[in-house]
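This document starts with one chain, in the form predicted on its own, laid out as structure tokens.
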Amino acid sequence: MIMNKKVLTIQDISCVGQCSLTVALPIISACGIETCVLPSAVLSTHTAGFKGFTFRDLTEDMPAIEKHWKKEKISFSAVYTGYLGSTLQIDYVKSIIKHLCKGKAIVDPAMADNGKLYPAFDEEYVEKMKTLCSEADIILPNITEACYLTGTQYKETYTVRYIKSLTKKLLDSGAKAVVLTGVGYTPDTTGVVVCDNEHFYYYKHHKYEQSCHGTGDVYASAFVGAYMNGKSVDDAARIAADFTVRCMENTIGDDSHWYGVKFEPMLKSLIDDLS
């Protein structure tokens, strides 16, 4: 493992619920990478299934944090962004990447799924997210997010030609590499597409009928951990997919654990995949 790299991850903290920073911090750290965090908000729980959760917006803290880091001459080998709560936060993130990131900018444009934007977002947010993705080295959208980012009609069923057209539009918009998640050409499979301007790679695996909250965060975090260990984008995408499937398999059937995936017992398997 590579121990001298430092990753900053910027997203919210859902204190209970196994998503966002409570997933990113342990997974990337387990991969042997020093993991620094910038919380965009603090929630008592995530918003899927819990009622009456608390929420504190930390947008106003972000410029002061960046200013302090500049004063201390702190920089990062990579910046990995997840859920960002507003267009203003995206502007602050772009400034941090510009001034403090000495390596790769990895963006998960967490804003939509199943053909729809998340309730907190609108078209103005989509337009601002486009500017962040256009400056990224690697983006990790799902198909819905890719459609919003490119103005493409969302389809439940699609062909390889449709996916290649979608990824080409993403590359044409400025992203240097695309990892497109949730790509399945048959009802019983799903997978990831990895592409840049020189190659197109597809890795598929079994699709479970049951969905689990937070698997996108698990996937993106495992991808970052593997990639920062020197794995190629293709290999990091495959390792992250296998890890996410194992986490789901470790959770399915446990009705008491409806709010996330039990990824912690699977961390050793992720570490083994990196060796």
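Owing to the predicted nature of the structure, the values given are computational and were not obtained by experimental measurement. We number the residues from 1 along the sequence you see. We call the rigid core the largest set of C-alpha positions that still match within 1.5 Å between the two forms.
As for the form predicted in complex with a small molecule, it is not shown, yet the points below apply to it.
Using a 4.5 Å cutoff between non-hydrogen atoms, residue 231 does not count as a contact of the small molecule in the model of the complex. Using a 4.5 angstroms limit between non-hydrogen atoms, residue 24 is distant from the small molecule in the model of the complex.
Although the partner is absent from this view, residue 48 contacts the small molecule in the model of the complex, with a non-hydrogen atom inside 4.5 angstroms. A residue is said to contact a partner when one of its heavy atoms sits within 4.5 Å of a partner heavy atom; residue 9 fails this definition for the small molecule in the model of the complex, lying far away. Of the residues given (154, 118, 158, 202), 118 alone sits with a heavy atom within 4.5 Å of the small molecule in the model of the complex. None of 248, 241, 62, 43 but one reaches within 4.5 angstroms of the small molecule in the model of the complex through a heavy atom, and that residue is 43. Site residues 66, 89 and 94 are none of them in contact with the small molecule in the model of the complex, judged by any heavy atom within 4.5 Å.
Of the candidate stretches 232 to 240, 25 to 33, 66 to 74, 212 to 220, only 212 to 220 has residues with heavy atoms within 4.5 Å of the small molecule in the model of the complex. Relative to the superposed core, residue 37 undergoes a Cα shift smaller than 2 Å between this form and the one not shown. With the core held fixed, residue 208 shows a CA shift below 2 Å between this form and the one not shown. Comparing the forms between this form and the one not shown on their rigid core, the Cα displacement of residue 65 stays under 2 Å.
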